[in-house]
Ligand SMILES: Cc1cc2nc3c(=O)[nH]c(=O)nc-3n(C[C@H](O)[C@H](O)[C@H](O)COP(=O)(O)O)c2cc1C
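There is one chain below, alone, in structure tokens, taken in the form predicted on its own.
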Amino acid sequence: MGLIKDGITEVIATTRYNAAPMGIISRDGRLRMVLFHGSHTEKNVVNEGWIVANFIFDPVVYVRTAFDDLPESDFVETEVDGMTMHRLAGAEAWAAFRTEIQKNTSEALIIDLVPLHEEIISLTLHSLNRGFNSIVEATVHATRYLREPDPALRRLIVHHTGLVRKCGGQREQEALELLEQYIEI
């Protein structure tokens, strides 16, 4: 399986009719995720034991899934290893994993990911776009800022939204407008 590279790979993780931007940590041959307590993703992983990493390059989807639920029509049911999993219909590629809880802290679950299946649906070259990367960063910081309004996080959000305005294309600008509806910047 080769979709996940060393470091942290940002994906839209899906569980049962749930989607959220997440980072998959790949270090020393292990794949892990951190799931914050109280999230739909954490609840579903505990109950179902699986997660799907969706590779999608639409910045609006990153913002929407960070703050809202997608309609069920955005998901595709897929059978993997005897389990019915949900992936995003718009994904260019996806990878399915069985999950194993490794640690339960006061803030989060740390889970290992066991690869089961991956599929490339469409092979598209995506040029490096600082606006796309910055909307992902601003969104990550915004979700944390809403949990704990730290001025340092706010400065990071302002920095990255400035880069989106400067470097982003039309879709990144739309994602920024949506982000500004969820959080006052």
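All residue numbers refer to positions in the sequence shown, first residue = 1. Nothing here was measured: the structure is a model prediction, and the numbers come from that model.
This next part talks about the form predicted together with the named molecule, which is not shown.
Peer 1: Counting heavy atoms only and using a 4.5 Å cut-off, do 99, 111 and 115 all touch the named molecule in the predicted bound form?
Peer 2: Spot residues vs the named molecule: no contact at all.
Peer 1: From the list 31, 156, 56, 140, which entry has a heavy atom within 4.5 Å of the named molecule in the predicted bound form?
Peer 2: Partner contact (heavy atom, 4.5 Å) among the options: 140.
Peer 1: The chain here is shown without the named molecule. Which stretch in 148-156, 32-40, 115-123, 48-56 comes within 4.5 angstroms of it in the predicted bound form, by heavy atom distance?
Peer 2: The contacting stretch is 32-40.
Peer 1: Taking any heavy atom pair closer than or equal to 4.5 Å as contact, tell me whether residue 19 reaches the named molecule in the predicted bound form.
Peer 2: Yes.
Peer 1: May I ask you to check whether residue 23 falls inside a 4.5 Å heavy atom distance of the named molecule in the predicted bound form?
Peer 2: Result yes; residue 23 sits at the interface with the named molecule in the predicted bound form.
Peer 1: Just to confirm, residue 10 within 4.5 Å of the named molecule in the predicted bound form by heavy atoms?
Peer 2: Contact with the named molecule, yes.
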